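Next comes just one chain, in structure tokens: the form predicted alone.
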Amino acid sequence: MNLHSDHPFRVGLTGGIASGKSTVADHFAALGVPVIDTDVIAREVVEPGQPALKDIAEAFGNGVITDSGALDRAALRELIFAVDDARKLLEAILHPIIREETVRQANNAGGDYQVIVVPLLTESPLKLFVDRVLVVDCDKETQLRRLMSRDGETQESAERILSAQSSREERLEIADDVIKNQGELNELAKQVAEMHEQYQALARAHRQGF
């Protein structure tokens, strides 16, 4: 835990792909909690005209850029899985920019406490930026089912995506709190409401320097 009472209490929200992070984040936002989502930031920093898009084109070639000048996400994802070290190269380009923008937004967001959504928190320096870690957890079978249903992935491609991420065990190891999401929306909202009360109390203590 990394408590500093000169900033709002910060909760790092993480979980594997298709675990329900965005739904949980939406519940917190509906309760009036400032939410900074690094996935949203990641999309914004590669919009046409942004320096990161130019860096990606230089690193991976114009095959990952559409005729309209936008990022071809499907082509880039295919390249990342097909070429050794391509993912590391992409992360070297994007992660410093995403971290800088995340910190900027958090510093301007205010709130009693904030939720910082970081899918890859287990391996991110942003672990040191948050005061507490909340993991949205579900079993692998649920993730696979959601990936195939939501994104149209094949079983093989869904397995490949999961294997490229931190394991469920690694995520749970850094968790201070866990929300279970096996698909019951009412239960999910209830868990978020309980976490909200807990984080409000922690935020009060945080402001008082405890």
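Keep in mind it's a predicted model, so treat the numbers as computed, not measured. Position 1 is the first residue in the sequence shown; the rest follow in order.
If you look for the form predicted together with a small molecule, you will not find it shown, but the lines that follow are about it.
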Is Arg146 near the small molecule? Define near as a heavy atom within 4.5 Å, in the predicted bound form. yes
Can Gly20 be called a contact residue for the small molecule in the predicted bound form at 4.5 Å between heavy atoms? yes
is_contact(Glu159, the small molecule) in the predicted bound form, heavy atom dist at most 4.5 Å: no
Can you check whether Gly63 is within 4.5 Å of the small molecule in the predicted bound form, heavy atom basis? no
If the criterion is a non-hydrogen atom within 4.5 angstroms, does every one of Ser124, Lys127 and Glu169 touch the small molecule in the predicted bound form? no
Candidate from Asp177, Glu184, Glu44, Glu173 lying within 4.5 Å of the small molecule in the predicted bound form - any heavy atom: Glu184
Can you tell me which of 53-61, 28-36, 66-74, 146-154 lies within 4.5 Å of the small molecule in the predicted bound form, counting heavy atoms only? 146-154
